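For reference, the chain that follows is the form predicted alone, supplied as C-alpha cells.
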C-alpha cells in the first residue's frame, strides 16, 4: 500500500495511510507529506508505536530540529528526557506526576492556552510532531485552529487594518495571563520579547493566515489596552468551532502540524494519572520580521 492522505471529514486535517515511519523515508514520500502539510496543516498518523530515536529520525526529514532550550523553566538537572525532545507530559524525572504546586506543572499549564509553538523565538517553529506514549483516563484532547480559514473570514476592513501589524511575543505574556509572574533574572533574559508579523504568508502556497498566540502580548505602536483588545477579538474570531478540529488521542498516535498556519491548545485531564506525550519541533528557517528593531 503506497502512502496516501485521506481528508478528515469536515475538517482541515488529513490522515496518513500506507507509510512505516520507523523506516527511512524515500524522497517521494517526504515530498508527499510536505505537500500534505501545505494543504491540510495537520496530519494524523494512527498507531505509530515509535521510540524517541525513531521520532527524531522521522522529524529530521522535514528540517533541522529546534533546540528545546529556552522554552520552559525546567532546569537541566530536572529533565526527564535526555534526547533534546520537548517533554509535554505531566511527569517529573522520577516518572511520577508533578505535585500540584510544582513550578514546572504551573508553568506548563500555559500549554492549555491557544498558541503557536515557539512564536516566542526570533525564528519561530515550522512543524511540531507529538507522540502519545501513554494517556490518562479522562480528558487531554488537543484542539487545532485553522488560521488560514480564520484570516479568509475576516472582512476587508479588518484585513487592511492588521496586514502590517507587528506583535511582541514572550512566554512571560502567556504565563503572566495565568498569574505565573515569578522569574529569575536569567529567565527574564531568556524570555525577552521578540517581534512577529500578525499576518503571515505561506512560503509555498502564499496563502495568508493569522499568526496569533497566547504569547503575543503587545502590538507595536498601539497602547497596551488597545493592543490586547485587538488580539482578544482576533483570538475569539479564530477559535470559533467552525475553524477548530478536536483531536481525541488514541495510544501511539503521532500528530504533526504546521505552526505557521495553525494554533493549538491542550485540554484539561486527570493529572493524578501519568500522561506521557513527547514533541519534536522542526525549526523554522527565517524570522517573520527583522529582530534588530526589537532590541
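Positions refer to the first chain, counted from 1. Every value quoted in this text rests on a predicted model; they were computed, and no experiment measured them.
Beyond the structure shown, there is the form predicted together with a small molecule, which is absent from this document and is the topic of what follows.
Comparing 152-160, 77-85, 178-186, 112-120 against the small molecule in the predicted bound form, the single stretch with non-hydrogen atoms within 4.5 angstroms of it is 112-120.
For the options 170, 72, 209, 142, the residue carrying a heavy atom within 4.5 angstroms of the small molecule in the predicted bound form is 142. Only one of the listed residues (228, 237, 252, 265) places a non-hydrogen atom within 4.5 angstroms of the small molecule in the predicted bound form, and that residue is 265.
Although the small molecule is omitted here, in the predicted bound form none of 126, 256 and 260 has a heavy atom within 4.5 Å of it. Shown alone here, residue 130 lies within 4.5 Å of the small molecule in the predicted bound form, counting heavy atoms only.
In the predicted bound form, the small molecule lies farther than 4.5 Å from every heavy atom of residue 19. Under a 4.5 angstroms non-hydrogen atom cutoff, the small molecule in the predicted bound form has residue 277 among its neighbouring residues.
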